[in-house]
Structure formats: structure tokens, C-alpha cells
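A lone chain, given as C-alpha cells: the form predicted on its own.
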Amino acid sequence: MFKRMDEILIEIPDVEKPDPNAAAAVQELLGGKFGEMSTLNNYLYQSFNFRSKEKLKPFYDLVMSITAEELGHVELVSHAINKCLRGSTQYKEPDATPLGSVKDARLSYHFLAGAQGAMPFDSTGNPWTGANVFNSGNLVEDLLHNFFLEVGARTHKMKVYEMTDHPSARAVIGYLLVRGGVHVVAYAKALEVATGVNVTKLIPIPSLNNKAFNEARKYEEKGVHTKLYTWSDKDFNAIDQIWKGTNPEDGLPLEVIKGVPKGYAIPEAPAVDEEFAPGISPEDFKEIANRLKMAGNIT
């Protein structure tokens, strides 16, 4: 089961810097082949279909815990996209063409199908597809695929980071570069335990070094790259049989943290009247409030 909290993993800068094309680029990190939708669903279905989970519990626990973290990553990237889109248009009467300023945006679907919010698509508007899910049932094959998937995801994050200087996008990507690096190392260590092969020798592909990224370096200085969370109050503790030793990049000791990291408030999304969202006028709100009071016997 999943337990949800009304929080996100990091604080995202609240800036007024609309950049629809930056939002389109960040969409790749959500709905692309190597995006967070893919990492989440790969691990989710591997966890559902895991064979011999009692005998292979450390590997099962690892996939389960990383799955939970990926849910938070999907959420985080979505809010980064929303921040990039915020303020792209201003309310005007319909005949004044209030959405005219974004008709040439690279991904107009943000404005046509939603209300300037994230969508489960890649950077060109192709919907995310379940064909991106790999689940062979063979433990080593799946772990090797996951290692490759995390490496590909890191490459895409590095490139999108270089595409935009939007503070919200960079804050999220910087954090995910660090946490994605954790997952690269975790799957490499899992493969070493399963096969005896030191997969960390393959690193860098690309380099796990985050010193060139300001928004990633600050998290490494706090040791975020050394921690793997169980994402559970009492389960998945066997990951300490895999997540142990030192980080191959800087030699710092690795640590399993029971539970979840500290969360932060989810950003408030203001109304976008020109998109008819949420479509509740002040008068409507008063009526809704009155009905809620009546339903709750509140005077």
C-alpha cells in the first residue's frame, strides 16, 4: 500500500518567470522514455511481479523502496513544469485573444488540453506509453535494465539542465541529479551482489560527479547522495544488505534511513481564469461554502 503526505521533496523557488518552452523541455524528464514516469512504472511493475521475494528479499526491498521515491519524483517534476508555465498568459476577455501569446509555444497542448499544467507526455507532446516498461521477470536482467534506465535518465537531466536557466526547473533537476545518482549506485551494487561483477567500474557513463551543477552540489554537501530511504515505517529494511560501503564518487559512507525524508509544502497554484480553471467564481465559492457548512452542521 502507499501512504501519501501533502508534501513534496524539496522547496521549489517561487518566481515569476514564465517560460513555456522550458516547460516543454522539462516534460521529457516526466513523460520521456527515460523520464520519471518510466522509472516509476518500470519499478512499480517489477515490484508487483517480483518472483521469490522471500528468498531474494534485499533485492525486492530495494525495488520497492525506490518505487516509492519515484512517485515523489513524478510529483516534483510536474510542479517544476507548472512553475515554468505559470504566468504565461494573462486574463482578458475572450475576444481579446488572451491565449494568443502562446499559440506558437513549442508544446501548445499545455494550454489546449489542460490549464497550463504538467501532462504525461514527452517534450514533443507524445503521450507516455506503457511500452516503456521493462519487466522480464529475470532478476539480473531487470536490475541491469534499471541501471541502464537510471544512467539514461541522468543524461537527459544533465541536458535539460543545460537548456534552461529557469530557477524552478534547475532546482528540481539539481535535486534529481543527486537522487538519480543514488539509484545508479544502488542498482550497480545490487548487480554486484547478484553476480559478483563490480558494475561501478562502468561509471562514469555519464559521470556521477555533480560539482559542475550548482543546484546539485548543494545537496551533495548535505550528504543527500549517500542516503537511501526505506519509505516505510517498518518494512524494506533488508536494503542495508545492498546499500552499504561507500559512494564510488567521493568515498563517503552510505546510510539507510528508515522512513522518509523531510517534506515541504506543495506550492499553491493560482486560478487561471483565461483557461476557465478552476471555473469557480467568487459567487460560486460562496454557495459552495454555504453548502459545506450545511453538510457539516456548521453555523
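What you see is a predicted model; the values in this text were computed from it and never measured. So that there is no doubt, residue numbering starts at 1 and follows the sequence shown.
The next section is about a form of this same protein that is not shown, the form predicted together with a further copy of the same chain.
Judged against a further copy of the same chain in the predicted bound form with a 4.5 angstroms heavy atom cut-off, the residues 12, 14 and 221 are out of contact without exception. a further copy of the same chain in the predicted bound form comes within 4.5 Å of a heavy atom belonging to residue 160. In the predicted bound form, a further copy of the same chain sits beyond 4.5 Å of every heavy atom of residue 225. Although the partner is absent here, residue 256 lies well away from a further copy of the same chain in the predicted bound form, with no heavy atom inside 4.5 Å. Put simply, residue 117 is close to a further copy of the same chain in the predicted bound form: some heavy atom of it is within 4.5 Å.
The partner is not shown here, but in the predicted bound form the stretch 133 to 157 reaches within 4.5 angstroms of a further copy of the same chain through a heavy atom at 133, 134, 135, 136, 137, 138, 139, 140, 141, 144, 145, 147, 148, 151, 152, 155, 156.
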